[in-house]
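Only one chain is included here, represented as structure tokens and corresponding to the form predicted alone.
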């Protein structure tokens, strides 16, 4: 059984609490790590505080070079990382490999952004009292960052906290999900080989009680959390005076207008609805289709779902596999049954075997049903018909969440309407909400969170502006 050591304050350590990681697909233990306790937590925070002095003084080209080095080393080991993700998260190989490549890209983007931290010269002489003065605005790293990342993108969503922190000059202590800690610990081996000050990055698998110290410890200046709304908003209450960035998911809507390319929309909704078993924050959960296309769209989507290959996540041929655990599979099964009992129609799927849930398509779901109101985080999509495009926008907005939305239309006025009226953080044209590149602003409104990820936008939360008001001679 392979061992992955905890990375605490620049050192690889074992603790008194061994943590065995089993593959969700076959349930078999395949690796072990250890859970950090109070001692390792304190060691990491002290090291982060100490590393801040050196990290913030590093030149931009130095941080950029380190970030590019990490990117290149991830690429050189991409199949190793993909194998770990496929096993620990039951992510099909093609999606695991894509995640690794995105992680490398995220570090590459951070290497570029490290070279262009924001700053400006500000004219102040807008009033007579300010004559003879000008301002220099410079941004300074905020200090140690606490990061908590989820199981569903165990490498890249962790990297979306680590890479911007390094680029901004902030040390970071990161807690990966307990079920999927291995890919970030593998990343620690690469980080340790760089010229970063020891303690600039710590990666600590922890239980929830110990991990909550990331939220409450006043030595951290920012908390970045990706996970469930219930946990995230409670963390914000407990975080004290530190900044908080929350990415909390949603029940993303997709609109398929009358002018849409039907076959393209079906193809993309298959991916958006069922990639990684729907365990994606921007999973295309609620699909609204113009009534003129609805019947054909539903038939084609069902046909596509039935062609998805179920199997071992390590196989390149696998499209869909098991969920992260049986508890979540049972929850999804219960939500499907609830919708069916309330009058919705299950067109395909709904069966469960252990932690495998069949890809499921439901029509007639609506407010009051969990598959419509809440985040399924499973392989379930709902289909509803609409007659008027503005009606579809209202249906998408009828949600506590607002992360991203997809809009299939070839009409400029409909796209403009969607962009201006959808209550979301991002609108994706002729694709589902699942589309994301790693340098775009990413985040939501309402219960979907607070702040934005995407390297440059994450860095802005990790930097504080400071102005020098300069008196100009001879004025």
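Positions refer to the first chain, counted from 1. Please read these numbers as outputs of a predicted model, since none were measured by experiment.
What comes next is about the form predicted together with another copy of the chain, which is not displayed.
When you look in the model of the complex, the only residue of 445, 35, 31, 50 with a non-hydrogen atom within 4.5 Å of another copy of the chain is 445.
When contacts are judged by a 4.5 Å heavy atom cut-off, residue 241 counts as touching another copy of the chain in the model of the complex. Interface membership of residue 119, defined by any non-hydrogen atom within 4.5 Å of another copy of the chain in the model of the complex, is confirmed. Among residues of the shown chain, residue 466 is one whose heavy atoms approach another copy of the chain to within 4.5 Å in the model of the complex. In the model of the complex, at least one heavy atom of residue 441 sits within 4.5 Å of another copy of the chain. With the partner omitted here, the stretch from 110 to 118, 360 to 368, 249 to 257, 297 to 305 that lies within 4.5 Å of another copy of the chain by heavy atoms in the model of the complex is 110 to 118. For the stretch 371 to 407, the set of residues having any non-hydrogen atom within 4.5 angstroms of another copy of the chain in the model of the complex comprises only 390.
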